[in-house]
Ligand code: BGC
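Here you get one chain, nothing else, as structure tokens; it is the form predicted alone.
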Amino acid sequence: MNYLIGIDLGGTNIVCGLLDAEGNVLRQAKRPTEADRGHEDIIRRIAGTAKELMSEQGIDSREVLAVGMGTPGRVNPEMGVSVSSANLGWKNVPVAALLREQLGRPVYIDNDVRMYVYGEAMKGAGAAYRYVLGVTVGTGIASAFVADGRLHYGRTFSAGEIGHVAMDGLTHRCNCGKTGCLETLVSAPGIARYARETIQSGRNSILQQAFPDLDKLTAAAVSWAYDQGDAVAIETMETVGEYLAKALAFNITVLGPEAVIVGGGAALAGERLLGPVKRRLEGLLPNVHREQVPIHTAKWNDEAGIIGSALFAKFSAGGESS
């Protein structure tokens, strides 16, 4: 039996999974990233964790078909290089080659959002569809498009960076240096900031009692207040949903997906966020798309990254994508 290893590398944690050839997770482990220790240390610890999982399962490394990893930032999957990652402090790191030296197996890497969406498209909420647009809403927002089991990259492997499209009506400066980027609102920090600034403008909210220090307000708290019928929380979700709908409308019209999958931390808001998105899309999409594009929440919100990385590695190594 052949096995796969999938790795989801983030700025905070490393999640490593051992999977069977069909992409079913057999074992997984989480370790702190500790990015300040440098890329060589991180890669060494990733390899060590993968070896631990194989040992626990009684698997020889020769039984592992391939290893896949999703990493934040710009990635050149053809070269196996992390071009740049602000979260990790990496620049032109030959990740695939370094990890291959440690594990002795073929290694394939890609952007973490693309790996997350690939996992959902191949074995999650998008598995029944040929054309899947996936969006993750967390610290920021990004997307990926899968057509017949293949990811769309664009000329510079940067397709899907919708978080950095400037939107009318947004005035905050983004971490990328531009003003008005979508993710300054449609993200966990953006949701919290909108609610906080609305309260600071003089509106009453139960969030004021729950968070005397409004700087500690979170997107999860906004969801809680929404469930209590709080007007500020409801307005926040409606506004964020409207902007997300505008971004999705452009992407749906251009790419023509059969389904949209929304995942990531802020997407745990569920219908609180997706309800406004669906209502707003009604008036934004051409008739041909209006009733043909279901929007689903991710099936594997926590595991999609390791599933996608593993299946991507299998596909890249010459196996079927499942």
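Residue numbers here begin at 1 and follow the sequence given. Heads up, when I say rigid core I mean the largest set of C-alphas that superpose within 1.5 Å between the two forms. Nothing here was measured: the structure is a model prediction, and the numbers come from that model.
This next part talks about the form predicted in complex with this ligand, which is not shown.
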Does every residue of 112, 140 and 161 put a non-hydrogen atom within 4.5 angstroms of this ligand in the predicted complex? yes
In the predicted complex, does residue 72 have a heavy atom within 4.5 Å of this ligand? yes
Residue 87, heavy atom within 4.5 angstroms of this ligand in the predicted complex: yes
Taking this ligand as it sits in the predicted complex, is residue 183 near enough to touch it, meaning that at least one heavy atom pair lies within 4.5 angstroms? yes
Among 191 to 199, 161 to 169, 210 to 218, 238 to 246, which stretch sits within 4.5 Å of this ligand in the predicted complex, heavy atoms only? 161 to 169
Using a superposition on the rigid core, decide whether the Cα position of residue 297 changes by 2 angstroms or more between the shown form and the other one. no
Threshold 2 Å Cα movement between the shown form and the other one at residue 89, rigid core reference: yes
